[in-house]
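Before any questions on binding or motion, here is one chain by itself as structure tokens, the form predicted on its own.
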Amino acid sequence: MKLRFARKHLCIPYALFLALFVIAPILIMLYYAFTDSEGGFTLMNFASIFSDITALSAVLSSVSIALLTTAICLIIGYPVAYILARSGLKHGKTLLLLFITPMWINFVMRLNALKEFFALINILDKSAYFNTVIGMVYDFLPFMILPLYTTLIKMDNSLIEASQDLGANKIKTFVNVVIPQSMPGVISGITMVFMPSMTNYVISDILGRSHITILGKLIENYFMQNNWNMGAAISMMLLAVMFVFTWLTGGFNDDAANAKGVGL
């Protein structure tokens, strides 16, 4: 007896994985987010996020750290990605490898190494906020460079040549041609840096000595206190923000998705 499999049968393992490890956990979190400790429907979990001083402080700290981290990564990452893209295929890939190599090292090991360096130059206990931002930039900078590089390397050089032939100088060409063409990479890089920066509490714990509470740490605290309702509400709020941001910036189109795929 000869067995025949249609292509759609190959989707079954993926569908099962998606249902068990993505859809089911989200449904569980939705249940806790919209219920109280007795299982009754409520919206107070979300209202408490903006009325509780601790939660509101964590939101403000997280947003400010994420904005500053994203801005620094973009300021540093864009010129680096542009230079790598213009360095030629062979040299660009070699230089890009230098930025990717640290990502092969264990995340906690890299943070502890940075912590020891901060202690060596005597700034570890100076500013928890500053140390956290530097740690975020150190960890997420490659995730800004990679999508930018992927977009810039695919840019049509004939557009730059045409701009220069029409009399535009290098600055005008960069502003009017290069930057608009690289916007999918910019959006992807911002998305990949901003949202994780709001929740990566390991960095704030190690480099900020737990003096700063960001949303990821706040969620953990609620879960450790068996307050799944508040923890789930904050998680769902972050998920909604990420979805809306991705949708508004066109992150669901093919170009942005491909750039993110390379970054990941």
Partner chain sequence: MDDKIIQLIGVSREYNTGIAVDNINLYVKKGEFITLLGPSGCGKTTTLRMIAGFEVPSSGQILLNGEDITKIPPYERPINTVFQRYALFPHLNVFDNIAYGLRQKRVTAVYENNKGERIEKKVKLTRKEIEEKVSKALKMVDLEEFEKRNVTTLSGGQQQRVAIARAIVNEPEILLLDEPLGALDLKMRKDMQLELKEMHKKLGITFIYVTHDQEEALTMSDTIVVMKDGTIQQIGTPMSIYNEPKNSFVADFIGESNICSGTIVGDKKVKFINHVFDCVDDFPLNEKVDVVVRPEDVFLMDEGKGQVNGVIASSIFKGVHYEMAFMVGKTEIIIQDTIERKEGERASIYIKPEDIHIMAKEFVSNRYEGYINKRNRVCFAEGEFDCDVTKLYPGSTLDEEGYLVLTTGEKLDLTNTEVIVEVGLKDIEIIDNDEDGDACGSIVSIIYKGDHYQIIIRTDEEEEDFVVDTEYVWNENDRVSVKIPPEKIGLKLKVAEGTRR
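From a predicted model like this one, the values you see are computed outputs, not experimental measurements. Positions refer to the first chain, counted from 1.
Not on display, but discussed next: the form predicted in complex with the partner chain.
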| property | result |
| --- | --- |
| Single option in Ala71, Ile153, Ala128, Ala168 placed near the partner chain in the model of the complex, where near means a heavy atom within 4.5 Å | Ala168 |
| Interface membership of Ala162, the partner chain in the model of the complex, 4.5 Å heavy atom rule | yes |
| Contact test in the model of the complex: Ser158 vs the partner chain, heavy atoms, 4.5 Å | yes |
| Heavy atom of Asn122 within 4.5 Å of the partner chain in the model of the complex | no |
| Those residues of 173-195 which, in the model of the complex, come within 4.5 Å of the partner chain by heavy atom | Thr173, Asn176, Val177, Pro180, Gln181 |
